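Quick heads-up: it's one chain on its own, the form predicted alone, in structure tokens.
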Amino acid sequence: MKFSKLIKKPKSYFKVKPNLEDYNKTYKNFNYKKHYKEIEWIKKNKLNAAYNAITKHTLTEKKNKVALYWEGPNGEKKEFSFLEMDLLSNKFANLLKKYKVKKRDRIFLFLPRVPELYIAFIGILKTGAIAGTLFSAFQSKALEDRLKDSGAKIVVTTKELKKRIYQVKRNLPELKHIIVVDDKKRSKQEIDYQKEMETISQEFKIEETGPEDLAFMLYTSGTTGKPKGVIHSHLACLHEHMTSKYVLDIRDNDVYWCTADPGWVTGIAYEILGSWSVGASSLVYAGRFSPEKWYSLIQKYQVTVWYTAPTAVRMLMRYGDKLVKKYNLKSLRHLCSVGEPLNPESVKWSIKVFKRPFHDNYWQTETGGIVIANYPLMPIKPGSMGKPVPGIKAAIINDNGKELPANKQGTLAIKPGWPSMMCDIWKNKKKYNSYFKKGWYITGDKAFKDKDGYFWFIGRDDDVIKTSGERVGPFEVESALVEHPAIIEAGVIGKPDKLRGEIIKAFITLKPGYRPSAALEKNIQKFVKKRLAGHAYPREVEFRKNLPKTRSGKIMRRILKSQELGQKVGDTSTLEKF
């Protein structure tokens, strides 16, 4: 990996003093148990993540503060205070109890980003049941896989989306009820949300769950096999609270915008549990991506902290610098990104147009929260994931579990035991145990750590390309590609080759105004070769209008590789054109 130039941040970046003032001191002395007081406990050894996120604020002067600014795709607007969110989620918890929901029952939300999603999620946790989230883009087969495996008792949905559930309902014997948020009751199994919420009590005694009691679950897709249900406990809110403070630098006077859907773990950890735990007002926009709309929202709501995906940053770059200047974005204080590695070019661009860098961070559904990050006061090495979060011990290890020295490539691993680490894989203990070897949680990602302690992502274990005896990480080639003035996005794979073992093939999306040509292909190859090495350039280039991505914006290299080799692509239920 070619090191990027270190970016030291001038004092003008900091409108307020960052929450994490001394990384080294905090990291050295950090102990989670000493920070238990950071979150609210119902009583000794009893907490509930919903109580910590919402209810605790109703006991303070924050009760009438806006918790949720919601804007719909057609300009609809709603606001909810912490007190209103608490009372509405109490009502929903009572609704669930009316229909015999008990602790550990699985209640799934198959909803677009409507206010009812957030109300229901908090309400589910208050009952001690397990909340599950499903992308509204899921079709019937994806729904069947998840609802059947989880044994979901109730699904909350809309009149439009419920049609997909009915397509597979005969295969879901444990599904007892469908709560419809925007339609009258149509069948015996349906529940009219609006009607029930009008009359049901707003008083509810929150379940006093233990730290290890199960709170929420999400299904993740792999290259092969069925999606797996990753489960997290109520104590996960501690890690999500601390990283909201230290990494996202959120405080209770912020207007915070996380662009993630709660069908993705980021939308739960940092749009519901973590950000509300620190008392911020959250903005949720339910419409599609539009640079004009996004900039107007930041201006309108005076957003101070913005958390989005690298794909979104690249899409904004595509629309150019002039558009940014049409809006007053001076409220922005801190920018962060997650979902896949942030290319150095994106960091440089954000400094140019927003006068502050995007801070990349790294984590997985299984980690339940950010584990490696770039922090407000820390100099950035563009392209790096940053350094481990206080409380996290990360290392690069070999196949025997031995830690490797600086600049040696290996597997990124984390010492188990942090609060938001997954508790289990639903009904699949063997799969859960496979994540842990030689005393480490194995991420499945290749990386290295430099001499300054910064971690650098190379690729998934099966993404690393071995060409002419050299190991090449796809991310560094992709980063070099997007520095080319014609390229907005790139995905790189290794393609089998008799002579070299593998060759590098690049799939490229061009910026407006550029067209594919043999001359452009040669120019791109020369451009990358000059920046990396003679063996690390794409010998084949394919131009595409769009690249396959997850709903979190991650380019799916495995899909590109399967398509190239004529293989089955496996589960594609989480894919979406951005």
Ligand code: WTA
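Throughout, we count residues from 1 along the sequence that is shown. Since this is a predicted model, take the numbers as computed values, not measurements.
From this point on, the text means the form predicted in complex with the ligand, which you will not see here.
Asker: Can D445 be called a contact residue for the ligand in the predicted bound form at 4.5 Å between heavy atoms?
Answerer: D445: yes, in contact with the ligand in the predicted bound form.
Asker: Does any heavy atom of R460 come within 4.5 Å of a heavy atom of the ligand in the predicted bound form?
Answerer: The answer is yes: R460 has a heavy atom within 4.5 Å of the ligand.
Asker: Would you classify T220 as touching the ligand in the predicted bound form, given a 4.5 Å non-hydrogen atom cut-off?
Answerer: Within the cut-off, so yes.
Asker: Answer for P341 alone: is it within 4.5 Å of the ligand in the predicted bound form, judged on heavy atom distances?
Answerer: So P341 counts as contacting the ligand.
Asker: Of the residues W276, Y118, F216, Y362, which one places a heavy atom within 4.5 Å of the ligand in the predicted bound form?
Answerer: It is Y362 that has a heavy atom within 4.5 Å of the partner.
Asker: Give me the residue from I122, V247, L238, V265 that has a heavy atom within 4.5 Å of the ligand in the predicted bound form.
Answerer: Of the listed residues, the single hit is V265.
Asker: Heavy atoms, 4.5 Å, the ligand in the predicted bound form: which of 315 to 323, 265 to 273, 124 to 132, 189 to 197 makes the cut? Say which one.
Answerer: Contact-bearing stretch, as computed: 265 to 273.
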